[in-house]
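Taking the form predicted on its own, here's one chain by itself in structure tokens.
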């Protein structure tokens, strides 16, 4: 079985939770037979790959095949030498703590492995993709008419390209922001279904997310200002996080690290950019507000936004819009796409 086939089989079984089968209530005989075949294929592939790549982490049978298939090329390039444990299980991706290989100076690295079906069906993905050129596996803009047509038609091949574009945007954004001095993990490598990056934490514990931490009073304000500085740095690099909150900011030894960037938005090209940006700033202010920091999110967002030369799209009550007026109709469409 090829690696692409392996991922296709895993999509068939993506309703598994930590490797345990949870079949739907209604399952046709054909679907049941297909699942049994996929089960067998995954098991066989896991055995084949496990002979090529040994690791400490003992994954469940289905997870093992998916994990190995995603990491084998990274291992072959000497980026990692071992997978130690899973540190985060998410809807879009899982993160694994790995011991680095000879090609990386840091002793520990994090491997983010994406779940194909979930990313391809990300809710409201059109809101984030608007104004964004699609990227290939090398991070280059896709110009091929056949590829673009497949993505518009959402064929199986087109969905694979869309999935890869999400991953490429995250990796490219990490490279850009890390070079610009933002508090993000250092990116090391990207393969088809995985990103290898700096690990935040130590051998025993991964850095927790900010929402799960009790901050000392004297560090709340400096950390708030640090997050705002990072939001400003994103704008300087033509990026809006798009899903920023205390749930995707790591905290470790008094420092913060922003994570999860597949849905980044270009501020000048996306018609919903201002509303998405305002939402990011509002969520950050709400968290730090609960910690005692007083801030006006709309005022703060407006100051940051306009300082980079962006205009704020006015909001209007639909009762006062004229359906026959092109400007009003355009405004209505922009406000609708931002929801």
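What you see is a predicted model, and the numbers here were worked out from it, not measured in a lab. Positions refer to the first chain, counted from 1.
The form predicted together with a small molecule is left out here; the points below concern that form.
- In the model of the complex, the small molecule lies within 4.5 Å of some heavy atom of residue 260.
- Taking the partner from elsewhere, residue 242 is found to have every heavy atom lying beyond 4.5 Å of the small molecule in the model of the complex.
- Although the partner is absent here, residue 112 lies within 4.5 Å of the small molecule in the model of the complex, judged by heavy atoms.
- Contact between residue 107 and the small molecule in the model of the complex is not found at the 4.5 Å heavy atom cutoff.
- The candidate spot formed by 90, 200 and 250 lies fully in contact with the small molecule in the model of the complex, as each residue has a heavy atom within 4.5 Å of it.
- Annotated contact segment (heavy atom within 4.5 Å of the small molecule in the model of the complex): 92 to 100, selected among 219 to 227, 69 to 77, 92 to 100, 143 to 151.
- The contact with the small molecule in the model of the complex, taken as any heavy atom within 4.5 Å, belongs to 209 out of 209, 172, 81, 130.
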